[in-house]
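Only one chain is given next, in C-alpha cells, and it is the form predicted on its own.
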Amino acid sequence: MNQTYVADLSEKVGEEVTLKGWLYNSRSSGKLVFLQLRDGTGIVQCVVFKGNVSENVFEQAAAAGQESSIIVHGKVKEDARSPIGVEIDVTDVEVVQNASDYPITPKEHGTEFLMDNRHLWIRSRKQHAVLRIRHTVIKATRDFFDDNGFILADTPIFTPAACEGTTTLFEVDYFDDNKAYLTQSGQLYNEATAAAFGKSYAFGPTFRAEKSKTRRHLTEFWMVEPEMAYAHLDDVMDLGENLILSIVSRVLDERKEELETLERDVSVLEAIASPFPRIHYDKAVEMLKEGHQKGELENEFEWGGDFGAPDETYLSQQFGKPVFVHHFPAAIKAFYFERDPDRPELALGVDLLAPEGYGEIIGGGERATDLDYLEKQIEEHGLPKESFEWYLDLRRYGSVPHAGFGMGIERCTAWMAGIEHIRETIPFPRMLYRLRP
C-alpha cells in the first residue's frame, strides 16, 4: 500500500510521499490553501499552492469540508514552526468523500452534545490524546505481567452468581429460563487459574449496576486482575507498586506529545517514586478525624466505614504520591477476604489511592483459604452455595495462601492524563443514563 504515516514524516524530508486521512481543519489565503490532515498517527499541515496543482484540484482542496476523507501527494519539507517539524508541499489532492456540516465545530459544545456525538468526538485532538494514553496504559500493564511470569487467562463475562455483592449485578436471560449475570470481577476464576499456573491475570470488561453518577464511575469498565499463589498481603502491595511505577514510566516516556496536548502537569507524575506509603486503616481513620477537627473535612469519619471520595482525596493529599491503606474492617469487604488472625474484625485487604483526587485505582488483598470459614461466609452473605461449589473445590484440593488485586484501566488513565471524568478514558462510555452511541 502506497502510504506514508504522519508519525514517520520526520524521516522523509525531501521525499515525495502519499498521505491518506481526513481533513482536521483548513483555511485559505488567496493562492494558498492550508489543509491539516490527520491519519490517526498525527496531524500535519499540507500547503496547496495554486501554481503547483491544476485549477480543479485547487478548487476541490479549497471546498473540502471538515472531516472530508482525502489523499494528499507531495514533498516533505522541514518547517521549524510546525509542531512535528515538517509540512507538505502538495502536488495533488484527491477528495475521497467531501463531508459537509460536520456537527462538532471549533465553537464550545455542551458535554451532553459531545457525548451524543462520541463516535465523532473521539476524532478531536484532546480525546485522541486521552485514548492514546489509554493504549499505553494497557500495553504497559500487559507487558509488566507478561515480563514477570504471569499467564493471561481470561475469565467469563457470563457468571452464575455475584462476586462483589448482589446489589450491583446486571441480570440477563440465559438458556432454558436460567439466569446469568454480567461479571463484576474475574477474581474468583483467577484463583482457579493461579492454582493451575502459580501466577495468572485476567484482563477484560467488568460490569457494575451501581446507580452512581460521579466522575469516577462507569457501569462498564475494563479491569486487569492478577492473582498469585503462595502470596500474602505484602506481596499484593509490592506487585501493585511496581505495576504503577512501570505504567507511569511508560506514559512519561512514550506520550510526551499527548500529555502536552492535554496540558498535563507532568511534574506530578515525574515525582512518583518508590516506596509508596503503607498505612493501616486505623491510622487512616485517625488522619481523617484530625482533618475534620482542623476543618479540612466537612464530615467526621467513623471507624468501620468505607472511604468516600473526599476521604480518599484527603488521605492522598497528605503524601503527594500513591498511598496504600490496608487492614480494612471485614464487614465492608467481600466474603472471600482472609481475616487478620490477631484482629478477626479486620480483613487482609488493601486499596491504593492515587494522588490529585483520583481515588482508589487498585483494590485487593489476601484470600481466605479455610473451607469451613468460606462455607459460613457464603451462608451469612445469603449466596447460593451450589453456584460456589467449584470455588470451594479450590480449598478442598491444594489450598494455599494466595492474593491478588484489580486495577481499573479507566481510573488509571484519567489519572495519567490529568482529566476530571473517566467517561473520556474509554471510547464509548456506559453510564447510568448513557447507553448510546
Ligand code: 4AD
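These numbers come from a predicted model, not from an experiment. Residue numbers run from 1 along the displayed sequence.
Keep in mind the form predicted in complex with the named molecule is missing from the figure; the text below concerns it.
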Which residue, Phe203, Phe197, Phe145, Phe221, is the contact with the named molecule in the model of the complex, using a 4.5 Å heavy atom cutoff?
Phe221
The named molecule: the contacting residue among Ile422, Leu19, Leu23, Leu9 in the model of the complex [heavy atom, 4.5 Å]:
Ile422
Does the named molecule, in the model of the complex, lie within 4.5 angstroms of each residue among His217, Glu360 and Gly404, using heavy atoms as the measure?
yes
In the model of the complex, segment of 205-213, 246-254, 107-115, 313-321 with a heavy atom within 4.5 Å of the named molecule:
205-213
Would you classify His326 as touching the named molecule in the model of the complex, given a 4.5 Å non-hydrogen atom cut-off?
no
Residue-level question: is Gly240 within 4.5 Å of the named molecule in the model of the complex, judged on heavy atoms?
no
Determine whether any heavy atom of Tyr336 comes within 4.5 Å of a heavy atom of the named molecule in the model of the complex, and answer yes or no.
yes
Closest heavy atom of Glu225 to the named molecule in the model of the complex, within 4.5 Å or not?
yes
Scan 182-196 and write down, in order along the chain, each residue with a heavy atom lying within 4.5 Å of the named molecule in the model of the complex.
Gln184, Ser185, Gln187
